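Single chain ahead, written as structure tokens, the form predicted alone.
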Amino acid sequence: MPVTDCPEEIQASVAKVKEMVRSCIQCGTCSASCPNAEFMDITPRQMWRMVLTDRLDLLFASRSFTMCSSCYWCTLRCPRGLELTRAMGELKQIGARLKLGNSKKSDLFYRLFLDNVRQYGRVREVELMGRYFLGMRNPMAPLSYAPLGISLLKKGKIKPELPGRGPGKLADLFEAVQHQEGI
């Protein structure tokens, strides 16, 4: 997708990311430092190259930018001192605004994760994953997670709990943040 075909808001965000990585020397330290790089289909170094060469079609066709865990290793180890984690966060936001397939799943997960924390004050894993699978609308999706879930249940790492209702222990905090950020 050419940048010029995107809405102005997206073009401005892409320009912002481009400016953040403009002095990248393609040394690959970011890719070598990333703990999730082995699970990505393109490396962070390749992503910065795609941004600089306006290959957003390739960049947003990958799922790599959605896998950033914001650990800041790339930013801390970058010899040019580039804010790569911030650039990756901006790419995630662009993907969410464009409603890309790879971003839809992670957006759904983040939204449900925050709803779960807002409601209970902590994460209730079984309920979170149940709602996530319902939201994905793919009846086969839970099967890929079944071995992990069974293993965690056997080890007592997770326990099934019935969905609960309550006033929301952190609802006031979430509301204050939303008010402060103008959401």
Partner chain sequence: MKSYLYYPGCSLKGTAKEYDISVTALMTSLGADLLEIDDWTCCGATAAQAVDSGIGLALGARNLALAEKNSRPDPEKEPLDILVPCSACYLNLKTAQFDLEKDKAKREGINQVLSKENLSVQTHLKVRHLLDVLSLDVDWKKGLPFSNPLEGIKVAPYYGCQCLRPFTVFDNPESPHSMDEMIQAAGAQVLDWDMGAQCCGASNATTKPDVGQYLVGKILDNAKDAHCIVTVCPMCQMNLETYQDKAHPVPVLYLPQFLGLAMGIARDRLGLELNLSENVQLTGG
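What you see is a predicted model; the values in this text were computed from it and never measured. The term rigid core refers to the most C-alpha atoms you can superpose between the two forms while keeping them within 1.5 Å. Residue numbers count along the first chain shown, from 1.
There is another form of the same protein, the form predicted together with its partner chain; it is not shown, and what comes next is about it.
Note on contacts: among L52, A61, A32, L152, the single residue with a heavy atom within 4.5 Å of its partner chain in the predicted bound form is L152. When its partner chain is considered in the predicted bound form, E8 lies well away from it, no heavy atom lying within 4.5 Å.
Though the partner is left out of this view, L173 does reach within 4.5 Å of its partner chain in the predicted bound form, counting heavy atoms only.
The closest non-hydrogen atom of I42 lies beyond 4.5 Å of its partner chain in the predicted bound form. Taking the partner from elsewhere, Q46 is found to have every heavy atom lying beyond 4.5 Å of its partner chain in the predicted bound form.
Interface residues of 71 to 90, taken as those with a heavy atom within 4.5 Å of its partner chain in the predicted bound form (partner not displayed): C71, Y72, W73, T75, L76, R77, T85, R86, G89, E90, in sequence order. Core-superposed comparison between the shown form and the other one: the C-alpha position of Y72 differs by less than 2 Å. Taking the rigid core as fixed, one finds a CA shift for L82 smaller than 2 Å between the shown form and the other one.
Compared with the form shown here, the Cα atoms of N36 and V123 move at least 3 Å farther apart in the predicted bound form. In the predicted bound form, the Cα positions of N36 and R122 lie at least 3 Å farther from each other than in the form displayed.
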